[in-house]
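Take a look at this single chain, the form predicted on its own, given in C-alpha coordinates.
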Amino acid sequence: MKVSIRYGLCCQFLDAPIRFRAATHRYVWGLEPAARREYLAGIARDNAAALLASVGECRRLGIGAFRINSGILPLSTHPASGYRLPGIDPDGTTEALFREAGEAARAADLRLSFHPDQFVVLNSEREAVVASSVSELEYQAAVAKLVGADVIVFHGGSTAGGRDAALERLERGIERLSERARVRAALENDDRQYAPADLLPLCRRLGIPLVYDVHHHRCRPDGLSVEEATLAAAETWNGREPYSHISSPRDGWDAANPRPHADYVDLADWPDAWRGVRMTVDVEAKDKERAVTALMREIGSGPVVKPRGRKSGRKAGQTSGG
(Lines give C-alpha, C1' and ligand atoms only; values in the text may rest on other atoms or scores of the structure.)
Protein backbone atom coordinates (compact mmCIF):
# COMPACT_ATOMS: atom_id res chain seq x y z
CA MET A 1 0.00 0.00 0.00
CA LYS A 2 1.37 3.43 -0.89
CA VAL A 3 1.99 5.49 2.23
CA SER A 4 0.50 8.95 2.71
CA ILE A 5 3.51 10.66 4.26
CA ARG A 6 6.84 10.91 2.46
CA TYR A 7 9.36 11.46 5.27
CA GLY A 8 12.38 13.62 4.49
CA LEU A 9 15.94 13.69 5.82
CA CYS A 10 17.80 17.00 6.00
CA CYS A 11 21.25 17.24 4.43
CA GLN A 12 23.36 14.70 6.28
CA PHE A 13 23.58 11.38 8.08
CA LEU A 14 24.55 10.61 11.63
CA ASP A 15 25.46 6.94 11.28
CA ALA A 16 25.92 6.20 7.59
CA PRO A 17 29.51 6.82 6.39
CA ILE A 18 28.46 9.57 3.97
CA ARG A 19 30.06 12.98 4.25
CA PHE A 20 29.81 16.17 2.20
CA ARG A 21 32.95 18.26 1.95
CA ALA A 22 33.16 22.02 2.46
CA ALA A 23 35.70 24.69 1.57
CA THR A 24 36.71 28.12 2.83
CA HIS A 25 37.60 31.10 0.67
CA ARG A 26 40.63 31.84 2.83
CA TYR A 27 42.20 28.48 2.08
CA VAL A 28 41.14 28.28 -1.56
CA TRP A 29 42.31 31.80 -2.37
CA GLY A 30 45.76 30.97 -1.07
CA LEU A 31 46.21 28.30 -3.74
CA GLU A 32 47.62 28.84 -7.20
CA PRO A 33 44.86 29.02 -9.85
CA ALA A 34 45.53 25.52 -11.21
CA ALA A 35 45.67 24.00 -7.73
CA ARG A 36 42.54 25.93 -6.80
CA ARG A 37 40.59 24.45 -9.71
CA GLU A 38 41.87 20.97 -8.92
CA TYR A 39 40.95 21.31 -5.25
CA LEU A 40 37.42 22.58 -5.97
CA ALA A 41 36.96 19.97 -8.69
CA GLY A 42 37.81 17.23 -6.19
CA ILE A 43 35.29 18.55 -3.67
CA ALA A 44 32.55 18.86 -6.29
CA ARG A 45 33.21 15.33 -7.54
CA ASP A 46 33.21 13.90 -3.99
CA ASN A 47 30.00 15.73 -3.11
CA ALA A 48 28.24 14.49 -6.23
CA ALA A 49 29.29 10.95 -5.29
CA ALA A 50 28.07 11.57 -1.72
CA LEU A 51 24.69 12.66 -3.07
CA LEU A 52 24.46 9.44 -5.08
CA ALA A 53 25.32 7.46 -1.94
CA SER A 54 22.74 9.47 0.05
CA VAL A 55 20.01 8.50 -2.39
CA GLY A 56 20.97 4.87 -1.99
CA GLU A 57 20.99 5.07 1.80
CA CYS A 58 17.62 6.84 1.89
CA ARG A 59 16.21 4.13 -0.33
CA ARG A 60 17.63 1.44 1.98
CA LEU A 61 16.01 3.09 5.00
CA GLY A 62 12.68 3.75 3.31
CA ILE A 63 13.12 7.54 3.57
CA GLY A 64 11.20 9.29 0.81
CA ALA A 65 12.86 12.70 0.52
CA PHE A 66 16.32 14.22 0.92
CA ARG A 67 17.24 17.87 1.37
CA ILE A 68 20.47 18.64 -0.47
CA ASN A 69 22.98 20.80 1.39
CA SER A 70 23.04 24.23 -0.23
CA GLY A 71 26.85 24.11 -0.13
CA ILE A 72 27.10 21.03 -2.28
CA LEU A 73 29.27 23.12 -4.63
CA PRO A 74 31.03 25.22 -1.99
CA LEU A 75 32.05 28.79 -2.85
CA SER A 76 30.28 28.50 -6.20
CA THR A 77 28.79 31.99 -5.87
CA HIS A 78 31.64 33.64 -3.97
CA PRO A 79 32.54 36.97 -5.63
CA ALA A 80 36.27 36.11 -5.76
CA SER A 81 36.66 32.34 -5.65
CA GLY A 82 33.35 31.46 -7.29
CA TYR A 83 33.08 29.24 -10.34
CA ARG A 84 30.68 27.38 -12.61
CA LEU A 85 30.61 23.63 -12.74
CA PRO A 86 31.81 23.30 -16.37
CA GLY A 87 34.90 25.33 -15.46
CA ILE A 88 36.09 22.76 -12.91
CA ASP A 89 34.56 19.71 -14.60
CA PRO A 90 35.75 19.87 -18.23
CA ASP A 91 35.30 16.14 -18.87
CA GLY A 92 31.79 16.09 -17.34
CA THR A 93 32.58 13.48 -14.67
CA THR A 94 30.93 15.40 -11.85
CA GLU A 95 27.94 16.38 -13.95
CA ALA A 96 27.47 12.72 -14.85
CA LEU A 97 27.49 11.79 -11.15
CA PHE A 98 24.86 14.43 -10.40
CA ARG A 99 22.69 13.13 -13.23
CA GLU A 100 23.14 9.57 -11.98
CA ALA A 101 22.04 10.67 -8.51
CA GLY A 102 18.96 12.27 -10.01
CA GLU A 103 18.12 9.15 -12.00
CA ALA A 104 18.57 7.00 -8.90
CA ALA A 105 16.25 9.33 -6.96
CA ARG A 106 13.57 9.10 -9.62
CA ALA A 107 13.86 5.31 -9.70
CA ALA A 108 13.43 5.25 -5.92
CA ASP A 109 10.56 7.78 -5.96
CA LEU A 110 12.77 9.96 -3.74
CA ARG A 111 12.00 13.66 -3.67
CA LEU A 112 14.96 16.06 -3.66
CA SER A 113 14.93 19.66 -2.47
CA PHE A 114 17.12 22.61 -1.51
CA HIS A 115 16.87 25.04 1.40
CA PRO A 116 19.23 28.04 1.05
CA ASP A 117 21.02 29.44 4.09
CA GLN A 118 19.78 32.43 6.07
CA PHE A 119 21.96 34.88 4.14
CA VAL A 120 19.57 34.54 1.19
CA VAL A 121 17.30 37.57 1.69
CA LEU A 122 15.44 38.52 -1.46
CA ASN A 123 13.76 41.50 0.19
CA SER A 124 16.77 43.15 1.76
CA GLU A 125 16.93 46.93 1.52
CA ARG A 126 20.51 46.51 0.27
CA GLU A 127 20.80 45.83 -3.46
CA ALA A 128 24.06 43.93 -2.97
CA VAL A 129 22.32 41.43 -0.67
CA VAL A 130 19.43 40.97 -3.10
CA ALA A 131 21.80 40.44 -6.03
CA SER A 132 23.81 37.92 -4.01
CA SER A 133 20.60 36.13 -2.99
CA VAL A 134 19.42 35.90 -6.60
CA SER A 135 22.83 34.51 -7.60
CA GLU A 136 22.65 31.87 -4.85
CA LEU A 137 19.15 30.80 -5.82
CA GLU A 138 20.13 30.60 -9.49
CA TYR A 139 23.11 28.37 -8.65
CA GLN A 140 20.90 26.07 -6.59
CA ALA A 141 18.31 26.02 -9.37
CA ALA A 142 21.00 24.92 -11.85
CA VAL A 143 22.00 21.98 -9.63
CA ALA A 144 18.35 21.28 -8.88
CA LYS A 145 17.60 20.96 -12.59
CA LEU A 146 20.60 18.66 -12.98
CA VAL A 147 19.42 16.25 -10.28
CA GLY A 148 15.67 16.69 -10.66
CA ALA A 149 15.00 18.53 -7.39
CA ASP A 150 11.60 20.21 -7.61
CA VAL A 151 11.66 22.55 -4.58
CA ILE A 152 13.94 25.36 -3.41
CA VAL A 153 12.41 26.72 -0.21
CA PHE A 154 13.40 30.02 1.40
CA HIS A 155 12.07 32.34 4.07
CA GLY A 156 10.34 35.68 3.71
CA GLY A 157 13.41 37.43 5.07
CA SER A 158 13.58 41.01 6.27
CA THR A 159 10.75 43.11 7.73
CA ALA A 160 12.71 46.37 7.50
CA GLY A 161 10.47 49.31 6.71
CA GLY A 162 7.37 47.43 7.85
CA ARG A 163 5.95 44.09 6.79
CA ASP A 164 3.87 45.44 3.89
CA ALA A 165 6.83 47.23 2.31
CA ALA A 166 9.02 44.18 2.92
CA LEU A 167 6.52 41.88 1.22
CA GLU A 168 6.45 44.22 -1.78
CA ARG A 169 10.25 43.98 -1.97
CA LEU A 170 10.02 40.21 -1.66
CA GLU A 171 7.65 40.10 -4.63
CA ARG A 172 10.07 42.18 -6.70
CA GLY A 173 12.93 39.91 -5.62
CA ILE A 174 11.07 36.77 -6.70
CA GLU A 175 10.29 38.40 -10.03
CA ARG A 176 14.05 38.73 -10.65
CA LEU A 177 14.47 34.95 -10.65
CA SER A 178 14.77 33.00 -13.88
CA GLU A 179 12.02 30.62 -14.91
CA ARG A 180 14.26 27.73 -13.86
CA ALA A 181 14.38 29.09 -10.32
CA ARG A 182 10.79 30.36 -10.21
CA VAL A 183 9.22 26.98 -10.98
CA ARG A 184 11.10 25.49 -8.01
CA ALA A 185 10.70 28.39 -5.60
CA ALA A 186 8.65 27.96 -2.43
CA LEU A 187 8.25 30.19 0.61
CA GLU A 188 8.34 28.96 4.20
CA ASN A 189 6.89 30.56 7.31
CA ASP A 190 9.52 31.23 9.95
CA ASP A 191 9.50 31.42 13.75
CA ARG A 192 10.14 35.16 14.14
CA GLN A 193 9.02 37.31 11.20
CA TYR A 194 6.51 35.72 8.82
CA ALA A 195 3.66 33.45 9.87
CA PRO A 196 1.59 31.52 7.29
CA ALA A 197 -1.10 34.23 7.22
CA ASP A 198 1.56 36.80 6.29
CA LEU A 199 2.83 34.82 3.29
CA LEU A 200 -0.30 33.14 1.95
CA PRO A 201 -1.63 36.20 0.04
CA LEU A 202 1.71 36.63 -1.74
CA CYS A 203 1.91 32.90 -2.48
CA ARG A 204 -1.54 32.94 -4.03
CA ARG A 205 -0.85 36.06 -6.07
CA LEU A 206 2.47 34.81 -7.48
CA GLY A 207 1.61 31.13 -7.72
CA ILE A 208 4.45 30.32 -5.31
CA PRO A 209 3.68 27.42 -2.95
CA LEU A 210 3.99 27.66 0.83
CA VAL A 211 6.04 25.10 2.73
CA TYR A 212 4.26 24.90 6.06
CA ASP A 213 6.54 24.58 9.10
CA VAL A 214 4.34 23.61 12.03
CA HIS A 215 7.04 24.22 14.67
CA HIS A 216 7.61 27.73 13.36
CA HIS A 217 3.86 28.34 13.33
CA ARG A 218 3.58 27.29 16.95
CA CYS A 219 6.41 29.68 17.82
CA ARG A 220 4.82 32.50 15.82
CA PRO A 221 1.03 31.97 15.71
CA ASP A 222 -1.21 34.08 13.52
CA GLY A 223 -4.80 33.18 14.33
CA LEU A 224 -4.91 30.22 11.95
CA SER A 225 -5.21 26.76 13.47
CA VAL A 226 -2.73 24.09 12.45
CA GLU A 227 -5.46 22.43 10.41
CA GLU A 228 -6.41 25.68 8.67
CA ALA A 229 -2.79 26.49 7.88
CA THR A 230 -2.18 22.94 6.62
CA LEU A 231 -5.14 23.13 4.23
CA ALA A 232 -4.36 26.68 3.06
CA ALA A 233 -0.72 25.80 2.39
CA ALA A 234 -1.70 22.61 0.53
CA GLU A 235 -3.94 24.61 -1.79
CA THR A 236 -0.98 26.75 -2.91
CA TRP A 237 0.67 23.64 -4.40
CA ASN A 238 -2.02 23.46 -7.10
CA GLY A 239 -2.18 19.68 -7.25
CA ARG A 240 1.52 19.06 -6.58
CA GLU A 241 2.44 17.11 -3.47
CA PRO A 242 2.63 19.63 -0.61
CA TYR A 243 5.80 20.05 1.42
CA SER A 244 5.88 20.59 5.19
CA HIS A 245 8.46 20.65 7.98
CA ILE A 246 8.24 19.27 11.51
CA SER A 247 10.43 19.46 14.59
CA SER A 248 10.07 19.61 18.35
CA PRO A 249 11.49 22.15 20.80
CA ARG A 250 14.76 21.01 22.35
CA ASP A 251 13.83 22.25 25.82
CA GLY A 252 10.06 21.81 25.66
CA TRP A 253 7.27 24.22 24.83
CA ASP A 254 7.44 25.91 28.23
CA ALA A 255 11.06 26.93 27.72
CA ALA A 256 11.98 30.59 27.42
CA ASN A 257 13.07 29.83 23.85
CA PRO A 258 11.20 26.92 22.20
CA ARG A 259 12.81 27.52 18.80
CA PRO A 260 15.90 25.20 18.88
CA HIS A 261 15.26 21.72 17.50
CA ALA A 262 15.30 18.56 19.60
CA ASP A 263 17.15 15.36 18.73
CA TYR A 264 13.85 13.63 17.94
CA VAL A 265 10.27 14.60 17.16
CA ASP A 266 7.82 14.27 20.03
CA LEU A 267 4.76 12.35 18.81
CA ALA A 268 2.56 14.87 20.62
CA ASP A 269 3.79 17.47 18.11
CA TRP A 270 2.59 15.52 15.06
CA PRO A 271 -0.55 17.32 13.83
CA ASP A 272 -3.77 15.31 13.69
CA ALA A 273 -4.52 17.22 10.46
CA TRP A 274 -1.56 15.44 8.81
CA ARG A 275 -2.79 11.91 9.43
CA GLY A 276 -3.80 10.23 6.19
CA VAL A 277 -2.74 13.24 4.08
CA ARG A 278 -0.41 12.77 1.12
CA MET A 279 2.53 15.15 1.62
CA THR A 280 6.28 15.35 2.01
CA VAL A 281 7.45 16.13 5.55
CA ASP A 282 11.06 17.05 6.24
CA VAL A 283 12.02 15.95 9.74
CA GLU A 284 14.23 18.67 11.21
CA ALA A 285 15.81 16.80 14.12
CA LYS A 286 19.37 16.67 15.38
CA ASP A 287 19.59 12.87 15.32
CA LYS A 288 19.05 12.84 11.55
CA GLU A 289 18.18 9.43 10.07
CA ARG A 290 17.62 7.95 13.53
CA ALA A 291 14.91 10.52 14.16
CA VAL A 292 13.36 10.07 10.72
CA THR A 293 13.15 6.29 10.92
CA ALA A 294 11.89 6.40 14.52
CA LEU A 295 9.08 8.72 13.43
CA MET A 296 8.30 6.49 10.47
CA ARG A 297 7.91 3.51 12.79
CA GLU A 298 5.68 5.42 15.20
CA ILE A 299 3.44 7.26 12.74
CA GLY A 300 3.34 4.35 10.30
CA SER A 301 4.80 3.74 6.88
CA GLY A 302 5.35 0.00 6.75
CA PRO A 303 8.59 -1.83 7.62
CA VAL A 304 11.56 0.41 8.30
CA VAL A 305 15.20 -0.64 8.21
CA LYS A 306 17.17 0.48 11.27
CA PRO A 307 19.93 3.04 10.72
CA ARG A 308 23.54 1.94 10.87
CA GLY A 309 25.55 2.24 14.06
CA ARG A 310 24.61 2.26 17.72
CA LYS A 311 21.07 2.44 19.01
CA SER A 312 20.05 5.77 20.44
CA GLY A 313 17.87 4.29 23.17
CA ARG A 314 15.14 6.91 22.57
CA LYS A 315 11.71 6.65 21.05
CA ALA A 316 10.26 9.01 18.50
CA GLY A 317 8.17 10.61 21.21
CA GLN A 318 11.14 11.69 23.31
CA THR A 319 12.89 15.03 22.95
CA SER A 320 16.38 15.75 24.12
CA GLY A 321 15.66 18.31 26.76
CA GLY A 322 12.13 18.32 28.10
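Bear in mind that the values here come from a model prediction, so they are computed numbers and not experimental data. Quick note: we count residues from 1 along the sequence shown, nothing fancier.
Below, we turn to the form predicted together with the DNA, even though it does not appear here.
Here the chain stands alone, but in the predicted complex its contact with the DNA, taken as any heavy atom within 4.5 Å, falls in 22 to 30 among 51 to 59, 22 to 30, 291 to 299, 273 to 281. In summary, among the residues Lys145, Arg184, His78, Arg218, the only one with a non-hydrogen atom within 4.5 Å of the DNA in the predicted complex is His78.
Here is the short version: of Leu85, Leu200, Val129, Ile174, the single residue with a heavy atom within 4.5 Å of the DNA in the predicted complex is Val129. With a 4.5 Å cutoff on heavy atoms, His261 counts as touching the DNA in the predicted complex. Although the partner is absent here, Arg37 sits far enough away that none of its heavy atoms falls within 4.5 Å of the DNA in the predicted complex. Using a 4.5 Å cutoff between non-hydrogen atoms, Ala160 counts as a contact of the DNA in the predicted complex. Contact check for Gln118: a non-hydrogen atom falls within 4.5 Å of the DNA in the predicted complex. The partner is not shown here, and in the predicted complex the stretch 215 to 237 never reaches within 4.5 angstroms of the DNA through any heavy atom.
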